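The form predicted on its own is given below as one chain in structure tokens.
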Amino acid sequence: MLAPKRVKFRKMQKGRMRGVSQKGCDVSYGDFALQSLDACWVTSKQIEAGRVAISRHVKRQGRLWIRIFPDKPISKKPAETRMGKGKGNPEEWVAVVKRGRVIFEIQGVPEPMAREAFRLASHKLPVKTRFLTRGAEL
């Protein structure tokens, strides 16, 4: 699972995900990409599940880039706990994904295989996505 080695602060506020992503919107490394059409939090488990789905389908050929990193701690209070007594402990790490952000990129595989691999990966993610080729943008 992806997680930062160390952070400046243990807990973080929720924040907002308004607007379109300003960076990471185009195909930079590979030939094909999976782009987000919604804004949401993508957990490290979901990123890993998508990565496994892609690598299994392409039988570990080609090169895969993960363009998001879960650097936001999400805290949760235990079940059946009374209100108050402060913020809960950090439980998981999420990546804040805005609309238009590229999540995965791949190179060295034919387009039909890349399309199917990204389709399988998109079922593991909580966002609507679309397939991009090099040169296409939102």
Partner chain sequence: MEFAQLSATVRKAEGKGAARRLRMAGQIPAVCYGGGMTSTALSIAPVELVRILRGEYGRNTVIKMAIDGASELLVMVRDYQRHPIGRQLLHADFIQVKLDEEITVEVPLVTVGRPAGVVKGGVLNVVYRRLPVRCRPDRIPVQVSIDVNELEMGDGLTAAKVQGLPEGVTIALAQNQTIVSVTAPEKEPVVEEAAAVPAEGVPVEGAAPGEGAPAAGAAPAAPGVKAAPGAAPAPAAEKEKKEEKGGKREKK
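Numbering follows the first chain given and starts at 1. Everything numeric in this text was worked out from a predicted model, so none of it was measured.
What comes next is about the form predicted together with the partner chain, which does not appear here.
The partner chain is not shown here, but in the predicted bound form it comes within 4.5 Å of a heavy atom of Cys25. In the predicted bound form, at least one heavy atom of Arg10 sits within 4.5 Å of the partner chain. When the partner chain is considered in the predicted bound form, Trp41 lies well away from it, no heavy atom lying within 4.5 Å. In the predicted bound form, none of the heavy atoms of Ser122 sits within 4.5 Å of a heavy atom of the partner chain. Of all the residues from 14 to 33, those having a non-hydrogen atom no more than 4.5 Å from the partner chain in the predicted bound form are Val20, Ser21, Cys25, Asp26, Tyr29, Gly30, Asp31.
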